[in-house]
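In the form predicted on its own, a lone chain appears below as structure tokens.
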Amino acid sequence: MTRSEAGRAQVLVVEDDKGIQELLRFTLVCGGCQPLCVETAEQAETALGGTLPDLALIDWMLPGKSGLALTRKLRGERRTRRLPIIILTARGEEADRVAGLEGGADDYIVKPFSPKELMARVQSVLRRCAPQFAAGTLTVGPLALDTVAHEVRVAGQRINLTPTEFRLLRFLMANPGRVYSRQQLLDNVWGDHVYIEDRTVDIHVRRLRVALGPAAEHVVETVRGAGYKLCAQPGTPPSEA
């Protein structure tokens, strides 16, 4: 799995029923997500060996290892413990819902479900766990980023960004004030299995500042020895990366 050039949230779907899998795939695509579908826990583990998705939809009743067992394993591993997970199941009893949530799921959807409910729950989890992929408009200082129309405006004026610049700005705007190291930005914007030098981040930050222009170039601040952050009310101009 690779980072989408369109900046869409990537969703790993683990579902062995072909009909339900196709429904999930179609719904996610229509909802602006990028699905990757597999049928077993073992296939899911192989897929997760590449770049991590932004969210996983996991059916409880899978052939071989169950979806609940897979969820517990993912929560026990350092690399995947923060991966947002929604469990899908036909088991709607309270005890089952509790078991799913205590097993590490962020949410729990009982079959049958409507496409509208599915996307509402996916967006809800993304808002909590991966806000840079939640649909809507992000506004910080003079910047406004429309995740649906894929547009960025500075003080009301539309500007043009490359796909990478858009993803970088989107991530920083979803987490204003928080400092991210170059490696963290590489993992979250480019993908944790993309092998490029961390100085690449510096190049894209410089290009982003140029694209934002005088009204907003200082919003992306350099924190010496730490990385970068987005600040709505910058003080002195950031130093060169």
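Note that residue numbering begins at 1 and tracks the sequence as displayed. Note that the coordinates shown come from a computational prediction; the quantities given were computed from them, not determined experimentally. Superpose the two forms; the largest set of C-alphas matching within 1.5 Å is the rigid core.
Just so it is clear, the following notes concern the form predicted together with the DNA, a form of the same protein that is not shown.
Item to check | in the model of the complex, Asp202 touching the DNA (heavy atom, 4.5 Å) | outcome: It does: once the DNA is placed as it appears in the model of the complex, Asp202 has a heavy atom within 4.5 Å of it.
Checklist entry - At the 4.5 Å heavy atom threshold, is Glu197 in contact with the DNA in the model of the complex? => result Output for Glu197 is yes: heavy atoms within 4.5 Å of the DNA.
Checklist entry - So, in the model of the complex, is Pro115 in contact with the DNA at a 4.5 angstroms heavy atom limit? => result Contact with the DNA, no.
Item to check | Distance check, Thr147 to the DNA in the model of the complex, heavy atom within 4.5 Å | outcome: Contact with the DNA, no.
Item to check | in the model of the complex, segment of 53-61, 29-37, 169-177, 202-210 with a heavy atom within 4.5 Å of the DNA | outcome: Residues of 202-210 come within 4.5 Å of the partner.
Checklist entry - Would you say Val205 moves its Cα by 2 Å or more between this form and the one not shown, aligning on the core? => result It does, since the Val205 C-alpha is displaced 2 Å or more between this form and the one not shown after the core fit.
Checklist entry - After fitting the rigid core, is the C-alpha of Ala69 off by 2 Å or more between this form and the one not shown? => result No, the C-alpha position differs by under 2 Å between this form and the one not shown.
Checklist entry - If you line up the core, does Met119 shift 2 angstroms or more at its C-alpha between this form and the one not shown? => result Met119: C-alpha displaced by less than 2 Å between this form and the one not shown.
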